[in-house]
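Take a look at this single chain in structure tokens; it is the form predicted alone.
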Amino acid sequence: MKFWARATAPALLLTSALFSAPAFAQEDLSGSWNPQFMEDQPERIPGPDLVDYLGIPINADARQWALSWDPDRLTLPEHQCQVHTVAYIYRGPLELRIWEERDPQTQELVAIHNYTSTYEQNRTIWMDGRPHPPDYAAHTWMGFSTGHWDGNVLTVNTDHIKQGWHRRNGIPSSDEITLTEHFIRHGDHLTHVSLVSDPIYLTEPLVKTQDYVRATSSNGNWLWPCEYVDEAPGRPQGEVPSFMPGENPFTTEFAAKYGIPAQAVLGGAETMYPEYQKKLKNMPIPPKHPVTSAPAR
């Protein structure tokens, strides 16, 4: 009897430890992270070309909105400091800080907080199992987020997001989008995967990835001062820059620049897949012609 107790005691202690510890090791994402721009650099730094919707699963409504969008719209006071929504903000030039909030008594994880220097946005990812608010609750730039661990991957679900854009060249996102994210840490590297569903403007989910590297020192600017100014003096009050159907002078500019059929750059889910290359062979490519500005109004 004494031999049995002596032999099994370590096993019992080990079993007890296994059941009292988490089933897997959760990553600590805390720290400051700097984005890497090797992936999609032209879109994420200088910004996408006008009428470049290639590879975006937009529908006809989103395409018409985008073709009606005049870049001068960003000079309107209400748009000069408009925030990127949570579904887009991680792609830009920013400083990202992540930290945990734990219950002071139990040390259980309550939330994971994100701060993005672009537009000084604070985001809370609730980790305590609370439900999402009802449909009529207010929509915000960062939305309402809840998260859970899938192994060592942080999976986040977000809704209640304001209207914004899927690409900042006029492709709109509705206020009915839902966002699923995966934060995956590999040592000092952090991969951010986002999947956006939009029942109003997308026919399929839009998937994007971003890469970050852990900052060993913080020399960046964590503030985003933005002040409204009159960027277009003399414009009649209440005028909203836009293009009527068929008036957009940039429709073929991107296509001609890169030798791509004009039909292809108008996007749609079909343009996301390799099979679409067979159709490209039979599509005409528009001739190059300089377009430097929109027509005077």
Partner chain sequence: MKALEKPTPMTKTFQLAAIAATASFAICAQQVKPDGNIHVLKVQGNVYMLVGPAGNSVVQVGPMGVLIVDTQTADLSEKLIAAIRTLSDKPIRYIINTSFDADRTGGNANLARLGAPVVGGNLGNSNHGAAILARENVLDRMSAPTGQKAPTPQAAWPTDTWFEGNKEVFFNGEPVITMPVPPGHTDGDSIVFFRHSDVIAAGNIFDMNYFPVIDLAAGGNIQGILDGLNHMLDIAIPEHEQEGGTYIVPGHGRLTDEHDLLEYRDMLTIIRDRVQYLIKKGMTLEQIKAAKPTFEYDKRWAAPSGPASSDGLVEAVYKSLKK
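Worth saying up front: this structure is predicted, and the values here are computed from it rather than measured. Positions refer to the first chain, counted from 1. We call the rigid core whatever largest set of C-alpha positions still superposes within 1.5 Å between the two forms.
Note that the form predicted together with the partner chain isn't included here; everything after this is about it.
Although the partner is absent from this view, residue 93 stays clear of the partner chain in the model of the complex, with no non-hydrogen atom inside 4.5 angstroms. Contact check for residue 272: a heavy atom falls within 4.5 Å of the partner chain in the model of the complex. Using a 4.5 angstroms limit between non-hydrogen atoms, residue 127 is distant from the partner chain in the model of the complex. Contact annotation: residue 43 falls within 4.5 Å of the partner chain in the model of the complex, judged by heavy atom distances. When the partner chain is considered in the model of the complex, only one residue from 251, 36, 26, 68 comes within 4.5 Å through any heavy atom, namely 68.
Using a 4.5 angstroms heavy atom cutoff to the partner chain in the model of the complex, all of 83, 163 and 244 count as contacting. Using a 4.5 Å cut-off on any heavy atom, the residues of 50-75 that reach the partner chain in the model of the complex are, in sequence order, 55, 56, 59, 60, 61, 64, 65, 68, 73. Residue 63 is not among the residues whose C-alpha shifts by 2 Å or more between this form and the one not shown once the rigid core is aligned; its shift stays under 2 Å.
The rigid-core alignment places the CA of residue 44 less than 2 Å apart between this form and the one not shown.
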